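This document opens with one chain alone, in structure tokens, the form predicted on its own.
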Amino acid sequence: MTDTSVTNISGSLRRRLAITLIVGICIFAVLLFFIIRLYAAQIAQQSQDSILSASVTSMLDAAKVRDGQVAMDIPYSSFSMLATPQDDRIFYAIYQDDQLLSGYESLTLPETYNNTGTVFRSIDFMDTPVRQVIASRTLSGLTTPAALIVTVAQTQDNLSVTLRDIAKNAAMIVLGFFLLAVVFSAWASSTTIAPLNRLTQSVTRRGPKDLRPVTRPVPAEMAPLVSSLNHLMQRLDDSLNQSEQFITEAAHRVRTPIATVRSHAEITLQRVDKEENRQALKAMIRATDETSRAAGQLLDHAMISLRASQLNSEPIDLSELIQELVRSLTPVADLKDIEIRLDAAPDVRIHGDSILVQNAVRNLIDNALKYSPTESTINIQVRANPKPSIVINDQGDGFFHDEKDKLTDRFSRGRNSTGTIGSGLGLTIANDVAKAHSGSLRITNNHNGGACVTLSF
């Protein structure tokens, strides 16, 4: 005789054991997830703080006192060490006795800062969450000692992406742990009632959807176990159907304003008579110009990354565009006694983003000017066949064969660049623009010497 009333009996040891195990596992899994995420966030934040601190320290170390004035040639490494795959934006400000010398005027200092030690804080700057570091140094050699304060702030998009990836992996690990723990709880529950072999065998032979009542007589203590197992399997099924997704995208630009430093250096140069000081100031101006060039290329690269996915496509006359570029760069070439010769086929048209194409060609011509010897010639050709392309030939040293495949990588420079200041982004920018337009960048050497770069669309 089948006793259907036994399913109303409660208080089974199996139910208490199963529920206790699952609830405990859920709580432990949730705590484990948040502990892993919190610890990862602390480590990632400490890593970013360490790099920010190193950046500020390198800027403070570059500060010098010349002729009773503070002079600072910001090292390129101060910002390059902050580069991230997400192109986080970087902001900085330099103060002398609370007076802004350079940087973002809106990047202010906390009122509680007392010019001692290094201070980190998270703030909103330009409607964007940033991590800010503040450090100071006392400069001697002036009429009165001055406190030089440098602050650098960086957006945290790369940190957010890293934390999201860590959280996703941690969730998968915790979910796997949870599933394994649930399986363990089922095994433990079955082991607890091992003495009742007949009931155990009856339950284990059932499929997951077999909810038929047990026909054999069972002890009252085991009757609620059958019901609890059914509820447990339902809860397990609900738990296995849960999932989480983490998706965020970020693209930002990097700016490094240094015009103020250069203007101060030029003004000081006009007032200095001592030759060695003049030479030092000229070197500072040259370094500032190179830094400005590198910053411009960084901005170009960031802009390309931002616009590449959504090109502002329009008809472009390549011949006309190159002619305008050559006219604008001819004064620069004349300073080095370099002649730029242009052979442009008429009416070479493509559909693309004119700003990106212009930036790519400007960087290629700029590279040719930088590596060409004095009193040489740069030949530029605009071809329509077999496909629209721009060919730039110079009379420099050319490329090393074993480096050609690596020169389009970010910040990659060849062995022939020794002694020539640059950022290693010119060919990267041109290659990215070519890919964005479904084209290609080809790097070769001329038979009679010199480099040959072909940008095809």
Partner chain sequence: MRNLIILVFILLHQPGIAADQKLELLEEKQLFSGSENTKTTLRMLSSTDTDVFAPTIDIFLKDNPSLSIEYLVASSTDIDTLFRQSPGNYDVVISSAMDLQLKLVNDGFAYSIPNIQHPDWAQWRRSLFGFTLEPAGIIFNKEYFENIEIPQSRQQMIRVLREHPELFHGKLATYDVRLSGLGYLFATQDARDSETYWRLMEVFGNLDTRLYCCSGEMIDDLASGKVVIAYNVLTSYAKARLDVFDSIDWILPNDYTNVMMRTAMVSADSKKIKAATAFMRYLTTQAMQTTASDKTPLPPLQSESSDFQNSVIPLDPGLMIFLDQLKRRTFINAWENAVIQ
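Everything numeric in this text was worked out from a predicted model, so none of it was measured. Residue numbers count along the first chain shown, from 1.
As for the form predicted in complex with its partner chain, it is not shown, yet the points below apply to it.
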May I ask you to choose, among 101, 344, 384, 272, the residue with a heavy atom within 4.5 Å of its partner chain in the predicted complex?
101
Quick check on this chain: which one of 149, 364, 90, 322 has a heavy atom within 4.5 Å of its partner chain in the predicted complex?
90
Pick from 393-401, 29-37, 64-72, 45-53: which stretch has non-hydrogen atoms within 4.5 Å of its partner chain in the predicted complex?
64-72
Contact of residue 76 with its partner chain in the predicted complex (heavy atom, 4.5 Å):
yes
Residue 94 near its partner chain in the predicted complex, any heavy atom under 4.5 Å?
yes
Wondering, does residue 155 line up within 4.5 Å of its partner chain in the predicted complex on heavy atoms?
yes
Heavy atom of residue 136 within 4.5 Å of its partner chain in the predicted complex:
no
Those residues of 113-140 which, in the predicted complex, come within 4.5 Å of its partner chain by heavy atom:
126
